[in-house]
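Coming up is one lone chain in structure tokens, specifically the form predicted alone.
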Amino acid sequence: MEIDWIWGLLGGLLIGSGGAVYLLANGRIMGASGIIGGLVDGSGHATGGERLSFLAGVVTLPFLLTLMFGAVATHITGNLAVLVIAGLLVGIGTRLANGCTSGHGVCGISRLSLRGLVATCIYIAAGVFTVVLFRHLLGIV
């Protein structure tokens, strides 16, 4: 039996734990797009240190886990144009939704937020549509 699902479970536990610690320590939702957005537009200047620390952890922890356990196959496309366009579309989507998967999906749903539930349903449906269109119908990804 394949055990790759364990990596997803562990990742989910780490994200959920991080969200809980961030909420308990700061009294704010751990929304990655809001944390990054506050650094980019300057609105988070007062909390710049904690925002940079959060981002440093987001970048450093996967690197350390890769050193400890080795790389995990992600099956991400090698097409750089597709990755750049996908990243830009995700960024635009997070601005339109006033939040991202960590803010709405992890923290919003765990707080029983209707806005978080609706946003999560919409981005999951958009993801399903995108995979069907680009992978199964057009064969791009």
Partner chain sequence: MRMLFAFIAGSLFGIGLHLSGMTDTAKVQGFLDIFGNWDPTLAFVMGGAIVPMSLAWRLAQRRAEPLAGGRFPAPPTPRLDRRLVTGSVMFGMGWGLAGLCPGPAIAALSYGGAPLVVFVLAMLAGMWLAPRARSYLDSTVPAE
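Positions refer to the first chain, counted from 1. Treat the numbers as computed from the prediction; the structure is a model and nothing was measured. Definition used throughout: the rigid core is the maximal C-alpha set that superposes within 1.5 Å between two forms.
The discussion below concerns the form predicted together with the partner chain, not included here.
Trainee: Can you work out whether residue 44 and the partner chain are in contact in the predicted complex, taking contact to mean some heavy atom pair no more than 4.5 Å apart?
Mentor: Heavy-atom contact with the partner chain at 4.5 Å: absent for residue 44.
Trainee: Taking the partner chain in the predicted complex, which residues along 100-135 bring a heavy atom to within 4.5 Å of it?
Mentor: If the 4.5 Å heavy-atom criterion is applied to the partner chain in the predicted complex, 100-135 yields 100, 101, 102, 104, 105, 106, 107, 109, 110, 111, 113, 114, 115, 118, 119, 120, 122, 123, 124, 126, 127, 128, 130, 131, 132, 134, 135.
Trainee: Does the distance between the two CA positions of residue 53 reach 2 Å or more between this form and the one not shown, the core being superposed?
Mentor: Comparing forms between this form and the one not shown, the residue 53 CA shifts below 2 Å.
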